[in-house]
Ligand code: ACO
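In the block that follows, a single chain appears as structure tokens, in the form predicted alone.
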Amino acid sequence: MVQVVNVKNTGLRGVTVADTKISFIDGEKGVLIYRGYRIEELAEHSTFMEVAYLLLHGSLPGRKEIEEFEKQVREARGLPEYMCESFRKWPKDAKPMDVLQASVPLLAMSDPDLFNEGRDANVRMALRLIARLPAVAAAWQRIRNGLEPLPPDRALSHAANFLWQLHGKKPDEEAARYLDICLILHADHTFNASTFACREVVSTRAHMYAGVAAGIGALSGSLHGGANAEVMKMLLELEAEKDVPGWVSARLEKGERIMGMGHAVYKTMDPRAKYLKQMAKRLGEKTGKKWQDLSSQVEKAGLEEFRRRGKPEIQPNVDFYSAPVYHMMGIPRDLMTPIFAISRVSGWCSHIIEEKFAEAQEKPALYRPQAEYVGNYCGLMGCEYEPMQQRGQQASEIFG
């Protein structure tokens, strides 16, 4: 049931705008569920391909279903030739998120299902986007560094193939599995800003690529995406810090944030952060790098300071530990948010399909919120229009 609330200046917080069967959050208890399954269960036992199938189709796949799904994704990994030709002409200092967003309409141009409004066609488009966004990010990373993009390897898993195309060497199974888990953890998160952007755009009957481009645009904003890159920047600056608790206290005294701590929904530790914290510890032990130790020092000091200030609900979110995890995988800071998008595209596409095809939706087809006008008002007849010459005279009198 859609809740209609007459409120303003809320940013839609607390306003229910649509039903969804895709994911659920209990912020008080720190619970995240995809299609009925706890995120912890999926991260422990599933794969990103299986989770992508679950989000798109509503149920976990059988053996034949997942084999066919993975086969289709592998076959769709290659980018059209014109994509890399275009990339070579782009400014090498272009931000990867801008490149990713600009690439989506380019991919749309050659999609044979673009103007097919059927559900199956939209699932096929979703599958291509899931397959190709990693290739876009990897190709741009290589081209901007003077290297040639690498062809996909169909023998590799989704996560392993991305690391191969990014670094030019086959990853070990453990690293590939860790990245696969990261993709699972980021795959969906209900009606966040980017997901709502996707749904709002396709509510106009725009195609899936237009919706995904909008989602990437929303994710590129610093209030939504990019926090993991800022967390890593913070950790790099703290590498030689002798007094981490003192640094944390001084930062909060100045009214500044501890990046990666606090969440708009969770009032306890983000359930995804718990898993990433364990992953960071294992990667640190394997690589000999101490980023997890430094992260733990910041977390401990931050929790103590927030409790002292009467804000115990401010705890680590998904970005706090994904930053050191990605860094230890050799992923550049400005590719961390694109990897978020590489995962979240599975959720975006699932929401787009739900928006387009959900049965018995009790809401209008088109999102159309209202705004309260608070500008100039001269009555129902409007303000009197003044000729340009007269306006110019008044301006000269006012400004001399």
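When you see a residue number, it is the position in the sequence shown, counting from 1. Just so we're clear, the structure is a prediction, and the values are computed from it rather than from any experiment.
This next part talks about the form predicted together with the ligand, which is not shown.
Scanning 224, 170, 95, 281 against the ligand in the predicted complex with a 4.5 Å heavy atom cut-off leaves one residue, 224.
This chain appears without its partner; in the predicted complex, the one residue of 131, 258, 137, 160 with a heavy atom within 4.5 Å of the ligand is 258. For the three residues 252, 262 and 306, a heavy atom within 4.5 Å of the ligand turns up in the predicted complex in every case. Within 4.5 Å of some heavy atom of the ligand in the predicted complex lies at least one heavy atom of residue 13. Taking non-hydrogen atoms only, residue 311 approaches the ligand to within 4.5 angstroms in the predicted complex. The ligand is not shown here, and in the predicted complex it never comes within 4.5 Å of any heavy atom of residue 198.
Proximity of residue 319 to the ligand in the predicted complex falls within the 4.5 Å heavy atom cutoff. Stretch 215 to 223 is the contacting one of 142 to 150, 232 to 240, 115 to 123, 215 to 223, since its residues have non-hydrogen atoms within 4.5 Å of the ligand in the predicted complex.
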